[in-house]
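As a starting point, one isolated chain is supplied in structure tokens, in the form predicted on its own.
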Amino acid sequence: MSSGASTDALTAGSSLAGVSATTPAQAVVRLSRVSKRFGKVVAVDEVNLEIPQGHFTTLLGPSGCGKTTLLRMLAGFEEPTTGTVEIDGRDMRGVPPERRPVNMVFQRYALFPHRNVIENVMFGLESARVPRPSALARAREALATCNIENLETRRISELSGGQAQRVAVARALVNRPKILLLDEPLAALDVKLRRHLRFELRRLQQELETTFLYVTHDQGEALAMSDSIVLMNGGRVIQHSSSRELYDAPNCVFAATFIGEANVLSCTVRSVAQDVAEVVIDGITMRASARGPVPEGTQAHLYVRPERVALRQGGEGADLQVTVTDAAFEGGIVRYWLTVRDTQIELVAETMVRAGDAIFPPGASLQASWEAGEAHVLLE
């Protein structure tokens, strides 16, 4: 398993912080060959996964890939068909949701409309028979942690979407869970509010040093918030790595094309030396990084991000000769759609643009290239 880079945690004065003495490098969740079937449908397929304590980890993937089912098995709402789920070293088989050291924030928040904010936050403590004075103090502490202490007596119907999201998080945090599970909690909000609140969630996680396991299909959320990302497809884990590694060094074509935009070109491997491959694309030899041995003559894919494609005008050489088919000015960048000359091969390039810079028009003949370390050979 490749885990994400450790994040420097902030020290919070609240007693909600430091919910575990476990070091951040230690795995708080272990899934061993976990599968979940619903009749003939395999929702989760032989997943092995470790989640480090104190990290913000995101389960990312298309709809139906198994990420929410995985979250529900951790919460105790579903039991694995096969395999073992461990939280903090304890096998969770047969342990009901209310006895697990986790709490969950749902997509629709599941707040009680007949209770005000403080009553919603206190609900779990009351169910656990925590004395009311202690429950009230902890609920107010959770509201303060989420910066909504001024909403204590507000009715749920009087809250904005962002306020309701914070109340749901406060209600989940008040029980001081070892892991906070979040199932697309920003999905119902508008784009501007989502961008703001994802950084609020990230700040909160760093202050509390609590493990957050977050489910989304939004790539931007995952890249911006996560210490590590678990990319899933078809019920399987495709890649588990830091945000930067997943973006810069995907391990397969699916990972390359799911995250951001990518050029994926068919190529033939000519040779590999010291993790650098020479590949042939339409008769032109290009260089790209390669992981592990790749036999000469292998049919593969070369992957390179649009912003890593350099364009220049004039001259001949070993670069790809391309023609601009379209160009779009997008503020700070210009996006170019290109065709490799005399072929059907298409490329996308993005270049920074400043005031007064010329934009290449459709029909312009250019040369496209990239640094060897900014392109990768993918075998599948």
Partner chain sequence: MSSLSKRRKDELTIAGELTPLGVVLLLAFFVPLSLLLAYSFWKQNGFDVVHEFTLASYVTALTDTFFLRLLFRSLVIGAAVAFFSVALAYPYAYAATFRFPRARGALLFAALLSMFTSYLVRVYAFQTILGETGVINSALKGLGLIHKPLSFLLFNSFAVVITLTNVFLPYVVLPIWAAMQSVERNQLESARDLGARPFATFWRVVYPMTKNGVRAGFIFAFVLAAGDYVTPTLVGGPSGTMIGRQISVAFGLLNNYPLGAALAFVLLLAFALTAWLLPALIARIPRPPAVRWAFSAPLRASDHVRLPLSSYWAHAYVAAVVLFLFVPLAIIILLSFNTSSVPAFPMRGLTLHWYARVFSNITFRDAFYTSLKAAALTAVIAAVLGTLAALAFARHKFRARGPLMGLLFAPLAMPGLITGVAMLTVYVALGVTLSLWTITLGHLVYATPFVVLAIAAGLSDLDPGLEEAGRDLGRGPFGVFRKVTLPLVFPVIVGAAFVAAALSLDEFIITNFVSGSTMTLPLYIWARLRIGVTPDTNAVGALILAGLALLSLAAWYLTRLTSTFISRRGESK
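Positions refer to the first chain, counted from 1. Predicted model, so just to flag it, every value in this text is computed and none were measured. Rigid core (definition): largest C-alpha set, two forms, superposition within 1.5 Å.
One more form of this protein exists, namely the form predicted in complex with its partner chain; it is left out here, but the text below deals with it.
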Fill in: Residue stretch of 132-140, 303-311, 88-96, 250-258 approaching its partner chain in the predicted bound form, non-hydrogen atom distance within 4.5 Å
88-96
Response to the item:
Answer key: of K192, R203, R244, R155, within 4.5 Å of its partner chain in the predicted bound form (heavy atoms) is R155
Worksheet entry | The single option of M73, M104, L186, I118 touching its partner chain in the predicted bound form, heavy atom within 4.5 Å | M104
Worksheet item: Does its partner chain come within 4.5 Å of any heavy atom of A273 in the predicted bound form?
Response: no
Worksheet item: Is there a heavy atom of H114 lying 4.5 Å or less from a heavy atom of its partner chain in the predicted bound form?
Response: yes
Worksheet item: Does any heavy atom of S127 come within 4.5 Å of a heavy atom of its partner chain in the predicted bound form?
Response: yes
Discussion item. Whether N175 contacts its partner chain in the predicted bound form should be assessed with a 4.5 Å heavy atom distance threshold; does it?
Written reply: yes
Fill in: Core fit, then T82 C-alpha moves 2 Å or more between the shown form and the other one
no
Worksheet item: Honestly, after the rigid core fit, is A128 moving at least 2 Å at Cα between the shown form and the other one?
Response: yes
